[in-house]
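Have a look below at one chain only, the form predicted on its own, in structure tokens format.
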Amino acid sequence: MSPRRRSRAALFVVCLLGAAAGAAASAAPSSLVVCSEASPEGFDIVQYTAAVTADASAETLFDRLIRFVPGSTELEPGLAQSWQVSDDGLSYTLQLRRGVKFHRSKTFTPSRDFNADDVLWSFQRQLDPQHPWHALSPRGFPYFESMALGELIERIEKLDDYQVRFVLRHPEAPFLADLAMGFASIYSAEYAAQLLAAGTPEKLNSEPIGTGPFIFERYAKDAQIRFRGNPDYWDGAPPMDRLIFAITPDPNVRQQKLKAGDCQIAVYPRPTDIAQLKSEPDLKVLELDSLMVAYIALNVRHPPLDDPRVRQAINLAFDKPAYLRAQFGEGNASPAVAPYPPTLWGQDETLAGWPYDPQRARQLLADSGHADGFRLSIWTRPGGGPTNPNPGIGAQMLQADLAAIGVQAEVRVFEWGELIKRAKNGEHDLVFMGWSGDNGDPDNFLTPNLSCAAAKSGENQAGWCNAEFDALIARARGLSDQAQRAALYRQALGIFTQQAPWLPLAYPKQFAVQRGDVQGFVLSPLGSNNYAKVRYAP
């Protein structure tokens, strides 16, 4: 071989090696790491209401028949391609999408695509007490029950493999939006049958199977959740091969990890840190006027909190302006006066809420026979979130203000999942809570949190059931005219204010921080976080 030929051969080999290296680099797995704020309660989303659980299940593993356009409350097709509503508002017929694949796992290989049987299983499980899976949910179905959907839905019909019909007993204005909520996620009826036959139904909660953009890999409690991208996803495979939730309750640690590049997105920074984070050249702060409310539920099942005067006194005793400054800083939240923020229609602008007035609070306690005060407990969580950025400080401020009117309060701190479980059982006196709207309708703040059905299910942490309030919000749900509904909601809000089952705290802004090279992440006004279209290319 001549020297020239040898050099060409050598060059050819070098080019091949370079091409192979380039191909290997381009094929290397890409990962998106999110510093999340808490551990999920589980992955069977119909059993839970916490946003962190929805992010780890409904937004990753599952789909709904209808979904929200990213970053908005507008509805768009999901697993249903289209739908028709009857003129009387009692019948909803949905055309299902064809060719949708369920996830595969080491223990499950689907034999068919998604169809109407999966829709019926997912809803009948919650609707029908005789369904073989109905009694297998240890926590019940909190959304379904608190929204009284068992009383609303008369039946669900399978018209054919790709067409279903919901028949209602009465009109329900937010019903389509309800179908886009996490509790309406669609499960594999085939996988459920396999688990039931094997005697392992609990795996529905620990080894989930859905149709969503990510496939569950493993979960280390209080540490990490790992997903892989679904290459067969009907709406296009996610740009990232791996999605990792690094569970990081401390917001300071979330920021440190973000700055170090250990995660690319950190959710729910402390509002008081926003100004400093905006000055970081490698970071980008996202913010949104979201549909959130922070509040303290006053458990009316525990005397003397069953007396409205005592509840009013607690509202009057709390220095809410000082609390807002300490928790959120300037301009990052507005004081709450009602169960939902003014960004939603139906708000009563004349409601001023309870002012800070300790003297009047002491008088109300005296009028109620508690001039010498009493004892109670304040429950909160350890790590901060969007509606409670610094739980320890908030609880101590409330404790001090109550002491000033003679009420001695013990602060008790519980891990988030434990807090929710025990508050649902009604064990607390006062508990710091928050709510993110799920569907852009005022009813979503009122019925799941303050209705009599929600008091019965435990999701109404105040345990408050007021017949007049309940009748007003039920009537409003059945109307299609928004102006008529808004008038009824304003009446209901007046009752809520006078009865004071909550101490409304704040309407916070929503924040997240990402590294500058992250693309496609959009904040949702509904408080959820979806990473299906997020790309990270360092």
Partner chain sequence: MLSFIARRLGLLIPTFFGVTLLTFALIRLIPGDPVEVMMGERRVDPQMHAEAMHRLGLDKPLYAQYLDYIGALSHGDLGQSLRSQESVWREFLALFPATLELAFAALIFASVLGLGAGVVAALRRGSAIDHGVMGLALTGYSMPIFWWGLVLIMFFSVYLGWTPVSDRLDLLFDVPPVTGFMLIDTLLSDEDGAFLDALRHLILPAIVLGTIPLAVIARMTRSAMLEVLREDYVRTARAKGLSPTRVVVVHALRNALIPVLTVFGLQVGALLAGAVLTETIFSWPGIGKWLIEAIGARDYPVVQNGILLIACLVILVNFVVDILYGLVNPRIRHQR
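All values derive from a computational prediction rather than experimental measurement. Residue numbers count along the first chain shown, from 1.
The discussion below concerns the form predicted together with its partner chain, not included here.
By the 4.5 Å heavy atom rule, the three marked residues 67, 180 and 347 all fail to count as contacting its partner chain in the model of the complex. Residues within 4.5 angstroms of its partner chain in the model of the complex, judged by any non-hydrogen atom, belong to 132-140 and to none of the other stretches in 462-470, 132-140, 107-115, 401-409.
Proximity of residue 491 to its partner chain in the model of the complex falls outside the 4.5 Å heavy atom cutoff.
Contact check for residue 436: a non-hydrogen atom falls within 4.5 Å of its partner chain in the model of the complex. Among heavy atoms of residue 218, some come within 4.5 Å of its partner chain in the model of the complex. Taking non-hydrogen atoms only, residue 246 approaches its partner chain to within 4.5 angstroms in the model of the complex. Contact with its partner chain in the model of the complex, defined as a heavy atom within 4.5 Å, holds for exactly one of 185, 126, 299, 146, namely 146. Contact annotation: of the candidates 503, 474, 33, 61, the single residue with a non-hydrogen atom within 4.5 angstroms of its partner chain in the model of the complex is 33.
Scanning 45-74 for heavy atoms within 4.5 Å of its partner chain in the model of the complex gives 47, 48, 49 in sequence order.
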